[in-house]
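Presented as structure tokens, the chain that follows is alone, the form predicted on its own.
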Amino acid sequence: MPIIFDNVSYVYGEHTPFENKALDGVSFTIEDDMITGLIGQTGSGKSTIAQLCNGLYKPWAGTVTVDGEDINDKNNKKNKSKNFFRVGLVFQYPEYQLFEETVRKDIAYGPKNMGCSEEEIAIRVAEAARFVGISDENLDKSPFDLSGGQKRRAAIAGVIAMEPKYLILDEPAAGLDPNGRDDILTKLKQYQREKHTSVVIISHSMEDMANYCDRIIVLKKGGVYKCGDKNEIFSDPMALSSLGLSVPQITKLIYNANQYGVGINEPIYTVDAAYDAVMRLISGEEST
């Protein structure tokens, strides 16, 4: 079953001069077995939503249900603690989640607290390290001796090792070079496809949304502007631009070309899709 937000509001600094309503009556569903992108300008509520899913924050109003259970139900305290393992959260600066003597121990921390056997812990550590691309040599290093990109991988591996049903990552590729960015996001997509888990990627990059997500939720000033698959979201690039969101460069290029009568009548958000559309146009086929 999915994660469902039903008319959820959240307020920071309530009843203080710094009161700020981060979310205002939002309702949406994070579907099972797919990658959902969560995008919006800074301050639109993305990180707040991530921590509400995990149970770190409690809604000011409305309900957050995971697998059909209200995770903030006062009559079911066990459900909230269970939710920390069920919904894995990687923070925007995941390297701050590292604290153990070695990378191996850091990745093992979650499974150990879940009560897994030593044999099961070893299996989970090895598999999580494989998924994110951490070498055996680095497993026995201090996490603080790793590069920034490797620290990020280690933190993600520590959450993956708990085998959460839902994996939420807040800007997982921030600060990485283009190759590192593509590598970690490709590995996360592979993880989702192999494990059939639900992954949420929070990002400022529309290229990330276009290349790695199946469904996208667009936020606007604490509310939901639009939800849908990529065709629905990218069908109106100018509307996204009006929100201050940078649409994929290829989408902008095709949109501008169409203003001069090129005639590609389909949402384009990846280079491969643009290539196919142009080749159909050249060959005289209809653009769908």
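Throughout, we count residues from 1 along the sequence that is shown. Computed from a predicted model, the values in this text were never measured in an experiment.
Beyond the structure shown, there is the form predicted together with a small molecule, which is absent from this document and is the topic of what follows.
- Between the options 48, 36, 251, 54, the residue in contact with the small molecule in the predicted complex by a heavy atom within 4.5 angstroms is 48.
- Segments offered: 36-44, 58-66, 257-265, 233-241. Contacting the small molecule in the predicted complex at heavy atom distances within 4.5 Å is 36-44.
- Contact check for residue 275: every heavy atom lies farther than 4.5 Å from the small molecule in the predicted complex.
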